[in-house]
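Single chain ahead, written as structure tokens, the form predicted alone.
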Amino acid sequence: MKELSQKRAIAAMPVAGNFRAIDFVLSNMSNSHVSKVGVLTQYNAGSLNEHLSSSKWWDFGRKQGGLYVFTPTVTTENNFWYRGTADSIYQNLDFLKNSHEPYVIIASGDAVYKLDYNKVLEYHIDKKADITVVCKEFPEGEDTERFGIVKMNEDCRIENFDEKPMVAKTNTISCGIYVIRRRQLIELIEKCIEEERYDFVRDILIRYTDVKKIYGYKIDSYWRNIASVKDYFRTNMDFLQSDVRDYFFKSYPEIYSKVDDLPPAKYNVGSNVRNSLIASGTIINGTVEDSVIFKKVFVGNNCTIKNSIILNDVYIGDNTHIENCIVESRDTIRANSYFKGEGDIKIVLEKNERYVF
């Protein structure tokens, strides 16, 4: 994610104007009636922890269950940061041991999708699987080498699992969503760490492919990972399509997020907005086309913004042209500036003093 991940976790990246990436997986948990959720955070977790400060937005604040946030902690037995995804679970294994639910859903916070986890669980039980992996088939020509690639037989049992191979042999990728029995997960994690192995995919999924019954559950609905600048840009631009917006925001179940008390967007005389998402707290004076404008953005007079993403709390001075760019949050763009991405998406990161023009 280049400069975009320098001050925030990818799960905290703003998406579609008013949301964060983690809102989608938490909403899926809530809509699937999963009442007890643990979030494992580490890298640049400040804004993510702030976003998760109250569980009420996703309806986890009940007498039973709740939302728990775990960060690496120094103890008498351990002074490591998380050394991998399996180690992150191991360092918080008491959370699983003290729970009573028979199954665990593991999901990453950097993907945008809707999914009823109960259907995956029913499939898992029906197949008598040890582990179920949610998969998606990508169209031909799509860059799949950055994902885990799975090969399944006719019964959907996974025969081969390659993590980010040089050359993908199939177009079926792992979505990073797994269902496993809680006691089995505890057993596999403890054995994994005992052998000084720390990665869930490489040291459990791939290692046990021929030993455990690992099945794939295929989805054909919208799913996109945002772990690269290109994917992040494409995901936000997808929300300019009415069918994608309707799927996420107008059809049941809903996507929830922390709500800020901000006034609605204001379009001053002379502004011109076409095919764009404009979030609350924003003031538009110029021209905005095919763009996503996040919260508390000010667009000055005679500005032109095309095919771009402007993150939260950005001040854009008069007579500025921004095209094919992502502007970092809490930024100030001086008047008469010109930014245009040629080929690749340009990330704009200015360090100007606010209101000095």
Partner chain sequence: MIKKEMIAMLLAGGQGSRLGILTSKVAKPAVAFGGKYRIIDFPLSNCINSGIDTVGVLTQYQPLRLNTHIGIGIPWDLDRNVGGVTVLPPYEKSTNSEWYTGTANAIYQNIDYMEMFNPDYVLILSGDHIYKMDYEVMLDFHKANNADITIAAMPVPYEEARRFGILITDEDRKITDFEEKPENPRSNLASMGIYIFNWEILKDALIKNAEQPGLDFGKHVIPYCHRNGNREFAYEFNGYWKDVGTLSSYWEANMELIDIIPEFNLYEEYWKIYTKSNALPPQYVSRDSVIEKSIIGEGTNIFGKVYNSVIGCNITIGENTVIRDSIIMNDVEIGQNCTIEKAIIAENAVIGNGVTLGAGEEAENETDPTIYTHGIVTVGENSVLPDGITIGKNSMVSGVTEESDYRDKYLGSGKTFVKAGDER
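Only a predicted model underlies this, so the values are computations on that prediction, with no experimental measurement involved. Positions refer to the first chain, counted from 1.
Another form, the form predicted together with its partner chain, is not on view; read the next lines as being about it.
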Only hit among L262, V74, I125, L93 for heavy atom within 4.5 Å of its partner chain in the predicted complex is L262
Of S108, T287, S257, T172, the only residue with a heavy atom within 4.5 Å of its partner chain in the predicted complex is S257
Note: its partner chain not shown here; in the predicted complex, the stretch from 202-210, 131-139, 80-88, 266-274 having heavy atoms within 4.5 Å of it is 266-274
(request) Considering only heavy atoms, tell me if R330 and its partner chain come within 4.5 Å of each other in the predicted complex. (result) no
### Message
When the contact criterion is heavy atoms within 4.5 Å, does I214 count as touching its partner chain in the predicted complex?
### Response
no
> How about S228: is it within 4.5 Å of its partner chain in the predicted complex, going by heavy atoms?
Replying inline: no
Hey, in the predicted complex, is K97 touching its partner chain, heavy atoms inside 4.5 Å?
no
